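Here you get one chain, nothing else, as structure tokens; it is the form predicted alone.
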């Protein structure tokens, strides 16, 4: 049969792609340009470009108010924020982290000669499994870093109880979870501290940036010192530090994005519901579901592909989508434990991470955000349906091409 004839004008894997413009995962959302340029002109007129300027302070206050925490410290990016908080918390030795995360999470430990101990995840939530975490604790363990993957909260209560009982620090990587809640409380208010990413690929962005939120007064003061070389005054350095400051330009973008936050979330939710409807009942394809009882940013459209049912693997399905200018992505392939230097340091880690290994081979993310329309989604889902329905035939075509 001719696959092309089954999807109207769309050319599937052969011929012209359905979209002349590439559809990306993580394409930036842009707020009101006029309002942003007003702030830019003000920055240039005042000639205050960085060093804890007016817009950085305003952004910190507004984020702290949104989340309901005492302190928000804006940073140049989330990786530096993680590194600074890790040092501020005094973590040493070993720290337990998931392997199913972006590599910046373990790198922020390894960079400071702290050993990331990779722990398996709960396959239902894609987050750390607290029972597995407890099994990984050794006398050298000083902390736990949980990651709110896809913006869905970790097992916060279980990890908090475990950390308190075992005398460990608890830090959350909340890179995916800005404007999300857990049991009615905003993510950003849990553990000793939480770290957000405001990178351009996140639904809320400051071009490049991040933030630490905490209710710990002493830790917040320490982090503020450390992000500015340890300066506690004009020419007084009290502590070793680095340069983690956010610029005024980034803060201006952040304030502009905050003003559009509800609109960004509304579009993401619309797209999520559209995908859910368009892919309903498709065997072997599971769409990650978000809770309707919590606040959520709906930032990621995540599919799990069961090749034993679909006849086409996750990677092959991505190849088909890429050929149609739909730049779907694998997450978090192949798992941090399979990347260097961890692959060499812990060659047998995979034996303790069966859920991570399986999930990393099945998960993919689809385009969403303000650059994606319902019509785009219909066509993307039509390609997925056709690819899954005729998986065996498409696999033969893919094999013949290379």
Ligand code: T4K
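Quick caveat: nothing in here was measured; it's all calculated off a predicted structure. Residue numbers count along the first chain shown, from 1.
Although not depicted, the form predicted in complex with the named molecule is the subject of the following passage.
Proximity to the named molecule in the predicted bound form holds for none of 95, 137 and 343, with the criterion being a heavy atom within 4.5 Å. With a 4.5 Å cutoff on heavy atoms, residue 290 does not count as touching the named molecule in the predicted bound form; it lies far away. In the predicted bound form, the named molecule sits within 4.5 Å of a heavy atom belonging to residue 173. In the predicted bound form, residue 250 stays away from the named molecule, with no heavy atom inside 4.5 Å. Although the partner is absent from this view, residue 329 contacts the named molecule in the predicted bound form, with a non-hydrogen atom inside 4.5 angstroms. The stretch among 71-79, 265-273, 224-232, 181-189 whose residues place heavy atoms within 4.5 Å of the named molecule in the predicted bound form is 71-79. The single contact residue among 314, 202, 169, 126, judged by any heavy atom lying within 4.5 Å of the named molecule in the predicted bound form, is 202.
Here is the short version: of 141, 256, 310, 105, the single residue with a heavy atom within 4.5 Å of the named molecule in the predicted bound form is 105.
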